[in-house]
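Here you get one chain, nothing else, as structure tokens; it is the form predicted alone.
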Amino acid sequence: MSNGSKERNPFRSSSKRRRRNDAGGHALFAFFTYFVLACTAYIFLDIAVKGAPVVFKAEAPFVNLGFIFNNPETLVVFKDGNGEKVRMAMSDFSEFKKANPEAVITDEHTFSYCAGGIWGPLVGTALLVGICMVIALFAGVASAIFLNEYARHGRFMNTIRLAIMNLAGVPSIVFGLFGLGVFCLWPWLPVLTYEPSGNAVATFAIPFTDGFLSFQGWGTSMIAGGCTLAIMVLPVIIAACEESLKAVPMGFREAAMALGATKWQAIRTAVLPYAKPGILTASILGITRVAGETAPIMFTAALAHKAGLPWAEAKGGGLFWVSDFFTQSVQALPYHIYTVSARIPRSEDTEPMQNGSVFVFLLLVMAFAALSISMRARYRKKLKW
């Protein structure tokens, strides 16, 4: 064999036209890839540039704690006697008027929910996501185990899997309407209460207490929103968990059962530990999805304004307090962002609340995504086969 034949690449196209087409396709794919990345980077940078000054400060403690730990309030904008523009929260404005009854106030304007902070929406979002993930993880992992480990392969099970995949593509507003009809308006959902509603379809007195078991529905409440979000994210969790279970080699199951383990013992000791990275990743990605949903929360759980936190306004004791806690409506950060951005005219007075809320929400989503990546890498290093 000659030196020329050794140096020649046998897989290299001999046609210059084909090489040009290949280079053009490579450039086209690279252009669209970097174009998408550039658009994403621009959006993130724009949010960061506008929102970071609201959340962070140049002096200690370097974080605007008032924005994080105060509830939203109405913003009052007016001009004082010197013609200078003044911005105050409604509570501060009321105190100012009491302390200065002779103060000259002109050109007064109010903007709802644009003063104070986002503590109430943050707490409400955390509670809704917590309820959602407790329900969705238990039901999702159990369903994935059944579909992958116990169910027989056939047309019926394939139909169920297809239905699950189709549910993953249903718009969130449809889930919101479903949750409104089932969890909010259906009267046969029970609550423990001291004062049954007049619309209750059945009421039973609980012995040795002053309370009742009342079938009156949950109404717009935290538990209704959490259940709606759980149903919405279930298809994603089931599909991801089933794929994680499928990735575990069949030999693990066979070896465990050959040693005398039952079916469940084999799954619990030889399958689930190795599927844990995928299950955790699915759960955290599910959190990032439901945390940003607006339509289901708006229909089933959220209020634009709520004076107190759920645990502070819950009444009764014991199980009655728990029931009252979960049947309260809450604020939520996605709905708060929608309210201050879509329902309130954008101006220099409302921009700090709008930009700061979006920036905090972006940080939360990025934190959950980073947590998902780090946990998956950590468990994959520990579990190798």
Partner chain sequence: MAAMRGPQVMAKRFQKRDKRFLGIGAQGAIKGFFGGNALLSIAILLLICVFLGKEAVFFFPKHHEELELYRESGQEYVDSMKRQVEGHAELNGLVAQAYYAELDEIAGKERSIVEAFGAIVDTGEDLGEDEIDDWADARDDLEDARDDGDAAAIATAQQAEAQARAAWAAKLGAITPELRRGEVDSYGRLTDADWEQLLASLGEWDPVEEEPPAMVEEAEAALKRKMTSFGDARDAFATAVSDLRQLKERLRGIAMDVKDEAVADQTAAARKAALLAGAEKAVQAEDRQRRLDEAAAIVIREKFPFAERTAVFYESKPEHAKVAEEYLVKFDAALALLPVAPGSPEAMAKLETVREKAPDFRSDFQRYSAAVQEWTHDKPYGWFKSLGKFFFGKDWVTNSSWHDFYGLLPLFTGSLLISLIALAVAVPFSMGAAIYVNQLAHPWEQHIIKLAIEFVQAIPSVVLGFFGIMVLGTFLRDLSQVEWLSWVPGFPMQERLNILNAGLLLALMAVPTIFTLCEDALNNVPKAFTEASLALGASKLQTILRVLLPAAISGILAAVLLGFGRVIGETMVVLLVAGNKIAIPDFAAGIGVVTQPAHTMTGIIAQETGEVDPGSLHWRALFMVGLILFAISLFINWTAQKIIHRFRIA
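In this text, all values refer to a predicted model and were calculated from it rather than measured experimentally. Residue numbers count along the first chain shown, from 1.
The protein also exists as the form predicted in complex with its partner chain; that form is not presented, and the subsequent description refers to it.
**Student:** At the 4.5 Å heavy atom threshold, is Ile373 in contact with its partner chain in the predicted bound form?
**Tutor:** Residue-level check for Ile373: yes, a contact with its partner chain.
**Student:** Do Gly83 and its partner chain share at least one heavy atom pair within 4.5 Å in the predicted bound form?
**Tutor:** Because no heavy atom of Gly83 falls inside 4.5 Å of its partner chain in the predicted bound form, the answer is no.
**Student:** Using heavy atoms and a 4.5 Å limit, would one call Arg289 a contact residue for its partner chain in the predicted bound form?
**Tutor:** Result yes; Arg289 sits at the interface with its partner chain in the predicted bound form.
**Student:** Is there a non-hydrogen atom of Phe320 within 4.5 angstroms of a non-hydrogen atom of its partner chain in the predicted bound form?
**Tutor:** Phe320: no, not in contact with its partner chain in the predicted bound form.
**Student:** Among 87-95, 151-159, 123-131, 101-109, mark the stretch whose residues have heavy atoms within 4.5 Å of its partner chain in the predicted bound form.
**Tutor:** The contacting stretch is 151-159.
**Student:** Using a 4.5 Å cut on heavy atoms, which of Ala240, Val191, Ile231, Leu280 is close to its partner chain in the predicted bound form?
**Tutor:** Of the listed residues, the single hit is Ile231.
**Student:** Counting any non-hydrogen atom inside 4.5 Å, which residue from Leu75, Ala256, Ile284, Ile223 sits next to its partner chain in the predicted bound form?
**Tutor:** Of Leu75, Ala256, Ile284, Ile223, the residue with a heavy atom within 4.5 Å of its partner chain in the predicted bound form is Ala256.
**Student:** Mind listing which residues of 337-371 have a heavy atom within 4.5 Å of its partner chain in the predicted bound form?
**Tutor:** In sequence order, Ile337, Tyr338, Ser341, Ala342, Arg346, Gln354, Asn355, Val358, Phe361, Leu362, Val365, Met366, Ala369, Ala370 come within 4.5 Å of the partner.
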